[in-house]
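A single chain, nothing else alongside it, follows as structure tokens in the form predicted alone.
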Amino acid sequence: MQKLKGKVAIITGSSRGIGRAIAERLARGGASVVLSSRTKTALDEVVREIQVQGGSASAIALDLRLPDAPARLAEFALKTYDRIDIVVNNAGATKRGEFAQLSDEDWADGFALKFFGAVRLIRAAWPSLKASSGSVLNISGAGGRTPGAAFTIGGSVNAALLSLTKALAELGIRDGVQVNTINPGTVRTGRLQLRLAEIMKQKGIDLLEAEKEFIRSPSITRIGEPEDIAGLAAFIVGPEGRFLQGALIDMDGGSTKTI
């Protein structure tokens, strides 16, 4: 059953990883999906794959760090499909490293895409979301609730997204817009492969042992898959998840140990 039939969903950072998996899952659910990232060739590949599977998809290549880009994305969705029902803010990667070695530019870049890109897109899409009783889903991260020394920028940006979610959820009650966040833990993406490569080099071990080491260190059940996050996203923005409002849901294999 296509529970999202007739809905239009914007997914940022959707050329690969979690964003791509969410786009594909929502398209299978019947939604027309609007994809965005900086890489046109990768976006075109995802659009073709969705269309081959019988779904509806369009894409626009944008750098959402630029102040006018989120509004252009919302305008593109409205021009293409005449409505916006769902916004999934997934775009954004932040630099890891020692605090003293992180520059002002590193911090500004971290907030520019993942936080301000989300703020601007939500603001641009809000009138349409209000008209359609739509849904906003932010993809934040476990670091927003469990900060770490090597992830000071990412943890700070993620924590800001959690606060934004709670604030907009209250506004959403008035305006009829659902607002929630998923906090993924370690998920098998390109960024994870780079971190595993570092462990392999440091410890002189192979990939399988590096994965085992990665799981042992924070004590988690396993490394997640993009499809894990996509399944939860589809539930939240679908009819069964409508009672969720202002929820900050950890999907991290148990890495978040705090209450």
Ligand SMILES: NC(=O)c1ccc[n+]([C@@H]2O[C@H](COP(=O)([O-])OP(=O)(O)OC[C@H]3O[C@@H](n4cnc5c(N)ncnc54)[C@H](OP(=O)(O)O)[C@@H]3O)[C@@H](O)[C@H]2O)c1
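Residue numbers here begin at 1 and follow the sequence given. Everything quoted here is computed from the prediction, not taken from an experiment.
Beyond what is shown, the protein has a form predicted together with this ligand; the following relates to that form.
None of 230-238, 50-58, 203-211, 33-41 except one has non-hydrogen atoms within 4.5 angstroms of this ligand in the predicted complex; the exception is 33-41. Contact check for residue 184: a heavy atom falls within 4.5 Å of this ligand in the predicted complex. Proximity of residue 18 to this ligand in the predicted complex: non-hydrogen atoms within 4.5 Å are present. Though the partner is left out of this view, residue 63 does reach within 4.5 Å of this ligand in the predicted complex, counting heavy atoms only.
Within 4.5 Å of some heavy atom of this ligand in the predicted complex lies at least one heavy atom of residue 91. Contact with this ligand in the predicted complex, defined as a heavy atom within 4.5 Å, holds for exactly one of 113, 169, 153, 129, namely 113. Interface residue among 139, 125, 77, 136 relative to this ligand in the predicted complex, by the heavy atom within 4.5 Å criterion: 139. Looking at 224-257, no residue comes within 4.5 Å of this ligand in the predicted complex, counting any heavy atom.
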